[in-house]
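Below, in structure tokens: the form predicted alone, a single chain.
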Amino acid sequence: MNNNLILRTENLSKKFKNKYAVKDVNMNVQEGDIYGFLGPNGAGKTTSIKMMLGFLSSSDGDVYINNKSVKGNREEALKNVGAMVEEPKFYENLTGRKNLQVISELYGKKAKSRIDEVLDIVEMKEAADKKVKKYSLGMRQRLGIARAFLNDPEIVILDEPTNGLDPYGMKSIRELIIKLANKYKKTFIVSTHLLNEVEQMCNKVGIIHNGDLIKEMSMEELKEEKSDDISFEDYFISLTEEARSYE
């Protein structure tokens, strides 16, 4: 594991009217991490991710990717970032390959030359020339990950990539992320509300609850901190109940 800090948030906050959706979040993602951004639905995961990508402006704080400010220089900060936020959207009447060709126009020649490569990376070459409207949800998720890889990013941010999938589909996407991280040396931030996904896939976890990052640690540290006689699920519930008691 490399100790280089590739992404950090500094007191990242977002306020809608008089209520904070995200408040003073300080995340630290190192090169090579599969970072599980864990929290229940409505905890602030997607809002945080949209600020990391510059889709939403922060009310306070900032995001730094390779020490470049998203607020100050979004294009430079995000040039080596790939992302899939919420359910990926595609042109339904175009093939998977044609969808990637359309998106690659935004990135230039290098991305165009990578289409076959990224389809192979996500094991979608056989389905590449089928129309997306015939794709299963799992195939759409894989195509979304392929799209996130077009610009050959250093860090890939995936928002609930297994959401709505059956157990086979979840296992397939989880194994794909682990393979991509190990084989292609990519850093991942994976948001999820599923505890077992983090437990089986990630080396580091940040737990967010009601907009507050209440815990950030390696999975090894987490296993050492929680007692052997309680499950990860019970430990997570105890953390969020403790956070709720301070509201």
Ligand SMILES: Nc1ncnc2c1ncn2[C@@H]1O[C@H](COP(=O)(O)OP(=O)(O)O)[C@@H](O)[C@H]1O
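Quick caveat, the model's predicted, so the values are computed rather than measured. Numbering starts at 1 and runs along the sequence shown.
Omitted here: the form predicted in complex with this ligand. The next part is about that form.
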Item checked: T47, heavy atom within 4.5 angstroms of this ligand in the predicted bound form -> yes
Notebook entry, point to check: Could you tell me if P40 has a non-hydrogen atom within 4.5 Å of this ligand in the predicted bound form?
Noted result: yes
Checklist line | Residues in 11-32 close to this ligand in the predicted bound form, defined by a heavy atom within 4.5 Å, in order | finding: F16, K19, A21
